[in-house]
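In the structure tokens that follow, a single protein chain appears in two forms: structure 1, then structure 2.
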Structure 1
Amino acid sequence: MPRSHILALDQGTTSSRAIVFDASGVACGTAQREFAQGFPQLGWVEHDAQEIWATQLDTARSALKAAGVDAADVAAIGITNQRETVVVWERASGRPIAPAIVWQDRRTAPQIEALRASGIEPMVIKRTGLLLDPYFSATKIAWILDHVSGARARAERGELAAGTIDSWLLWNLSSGAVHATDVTNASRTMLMDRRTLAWDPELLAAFRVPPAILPRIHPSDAAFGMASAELLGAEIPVHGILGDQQAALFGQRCMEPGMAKNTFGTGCFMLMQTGTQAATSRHRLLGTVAWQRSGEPAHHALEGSVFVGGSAIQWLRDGLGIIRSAPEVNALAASVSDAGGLMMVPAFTGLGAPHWDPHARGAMLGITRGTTAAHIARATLEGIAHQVADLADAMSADAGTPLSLLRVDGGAAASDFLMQLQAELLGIALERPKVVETTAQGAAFMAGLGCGLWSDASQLARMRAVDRTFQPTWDSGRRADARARWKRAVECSRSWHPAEEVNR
């Protein structure tokens, strides 16, 4: 019997998940476990890498059990993961030398400011597509080497290994045999030149990261290595690795340049595939590697993120108490015919792309004696949709052609009300797939292609059934009015927070 299943490991910021897919791409077993978040100081966010590995292994075993599938029936493992988060560990013992520094962590803001002052940002943008920011892995690795006693010397001697979460999982799955990563994860470290797909000596020198510490970079569908038999009951090849947003783009089958997806989660992430040339944004979006198949050039993408998306709905629930659960927002917002002139800018932690304003803060404008909870709910959903429209505008301007369709996923994409509003503000159709687990699906697709279980792209396209399409109905005048009012509201929200408190 040929092996007929794919095991996708979906290692997220708050939980580890595993999903078993059968040969027709249907999820047949799932498991999920949350793990601890460490906030040792203001602006710091840490994970225990051992706990990440333990919860991930546990969910892999549980998902196989739930699916009733034996490890010997699994053709390949695909990994998708929270990006940018770094682990540094001892090669000899496999033990991390410090807590993992999570992508949200701002502790390296002073180092970033010093690098900016040295004038290297244009070179960094050109080579990596990324803007100089503590978000990315490079300064996090250097911070660990500078703050753990003896670490820098040990790194130079080759005793330590560093990597993003995918490489940490791969190391553990292979019982320490393999130290590798894929191009999409490497493209988020700020250390890889996205044109050569190799670690860049000048970037390594600028960020003070010794080359001996880094994993080998492979295409996303490479034969990365074998998961040891003693872990899951049989040896299984790891044949696909993608960062989480790239996995969603691949899972949504955005195979042609100009195709885009937006994930409506806690925050919102929009990626547009731009083809095999590395695109550089003129509108403060990020350029990133979308994926690479073995023997083919890499595909690239433009990326923009909104910091507060679905979490604005959680604020209505937890902060204001005007709804008891997230889905309740839809009926409340639909109970009024418009927001009664209210505008809400959910810039609770500043504004992301394309504004990049850490000083912005949330704003509610146009409150009158007639404003009700329903107007606030509606204005909040409109605020989420306007932020996503800002990303789409920037992408269209960079691409030179407007978006023609947006594929959507993530928890808040379940809201028909929000999706219709989004279609109105964009003036294009939105397409929601039946399977909204696009991240795990993307990793499974990549691994299934890599190991030969699935052979062509049209086979995968058939696995992506559409649940619903949302068509815009507003005329262009109404859309333009709404967008103009939003732009005025954004201006009011900007530069509110004192500069000296921003990085705390």
Structure 2
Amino acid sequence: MPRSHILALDQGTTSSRAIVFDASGVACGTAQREFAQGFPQLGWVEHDAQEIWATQLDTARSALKAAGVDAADVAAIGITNQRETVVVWERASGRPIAPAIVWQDRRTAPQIEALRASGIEPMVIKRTGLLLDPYFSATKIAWILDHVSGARARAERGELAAGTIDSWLLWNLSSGAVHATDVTNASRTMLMDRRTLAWDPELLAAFRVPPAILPRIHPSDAAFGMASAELLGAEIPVHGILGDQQAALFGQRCMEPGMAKNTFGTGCFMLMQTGTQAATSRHRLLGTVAWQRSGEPAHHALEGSVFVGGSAIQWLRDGLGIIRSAPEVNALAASVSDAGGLMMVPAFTGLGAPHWDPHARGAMLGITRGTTAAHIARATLEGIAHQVADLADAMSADAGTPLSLLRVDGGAAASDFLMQLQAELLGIALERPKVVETTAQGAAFMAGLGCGLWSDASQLARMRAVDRTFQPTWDSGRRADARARWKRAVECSRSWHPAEEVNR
């Protein structure tokens, strides 16, 4: 019998998930496990890389069991992952030498400021499409090498390996046989030239990253290696890797230039496919590689990143304790007709695009004696939606034409309340697919194309089904007033922590 299923590993910022898809693209087995978040200092965010691997392996086994599928029936594994998060480990033992530094981490803000002062940013933007920011991987790698005793010398001798989470998972799946990444993840490090799709020697030197520790770069649908039989019960080829937001773009079947999606996850990420020409933004968005299939030129995208999206709802649950589970926020927010004049800017780890202020911090403005938990919940959802509207404004300005439709996905996209609010603030329709977890689906599709389970992208497009379309109802005056108040609130949150406090 031919192998007829794809196992997608979806390693996110707060949880590891695995989903088994059948040949029609339908999920038939799912497992998910949260893991610990570390906040050891102001502006620092860390993960235990060993726990990431343990939870991902556990969910892979559990998803196969839930689907009633043996490993021998799986045609390929697709990997999608939180991007920019960095692990450095020993090649001999496979042990990390330090906690993983997460994409949200701001500890390298002083180094970024020094690099900006040196005049390097125009070269970085031209070659990578990225702005200088602690968000990206390069300064995180250098920080670990500089702060773990002997690490830099060991890296120069080739004793250490470094990579984003996809590389860490691939290393473990292959029992240390493969150290590789794909073009989408490499494009988020600030170390790859997006024109040549190769590590750039000048960038490596500028960020002080030894080339010996980096993975090999491959197309997104490459044959990356084999998952060891002792892990899942049979050898399975790893045939697709995509960073999580590129995977969602692919899973939403945004195959034509100008098509856009927004993922409502831990953060919020809007991508517009721009074709095979590398895009450069005039409004402080990012140019990034969208995907590359073997033997074809890479596709590119414009991207806007919001650092705090769904994690603001987690803060309402875990930090304030005003909800017991994330879905409760919708009923609580809907219990009031408005936010009572409250504005919430969830800049807990700085502001992403188009502001790019690593020193901004969360702000709650307009508190009165009448402010309730319901007002806070509603203002938090509004803060998420306003940040996405900021991305859409910048993207429309870059494209020279307003967005007419936005495809949405991610866990928080399941909230009808938030999606309707988002449509109101954007003034355009939102289209939610029946499968909102398009990140895992995109990785599965890429792996399935790579191994030949599906023939081409047009076959995937025919498999897409829409759950609901959200239409705006606000008039332009109400929308403009809301956006003007938001912009005032954002200015209050800017430059709250100086660089020396971020790194204290």
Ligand code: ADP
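The term rigid core refers to the maximal set of C-alpha atoms that superpose within 1.5 Å between the two forms. Reference numbering: structure 1, starting with residue 1. Small disclaimer: the values here were computed from a predicted structure and weren't measured.
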Next on the checklist: Tell me which of the two structures is the form predicted alone, please.
Outcome noted: 2
Checklist entry - Has the Cα of residue 347 moved 2 Å or more between structures 1 and 2, judged after a core fit? => result yes
Next on the checklist: Is the shift of residue 39 between structures 1 and 2 large enough to count as movement, that is, does its C-alpha move by 2 Å or more after the core is superposed?
Outcome noted: no
Item to check | Shift of residue 481 between structures 1 and 2 at or above 2 Å (CA, core fit) | outcome: yes
Checklist outcome for this item: Superposed on the core, the Cα displacement of residue 404 between structures 1 and 2 in Å comes to 3.6
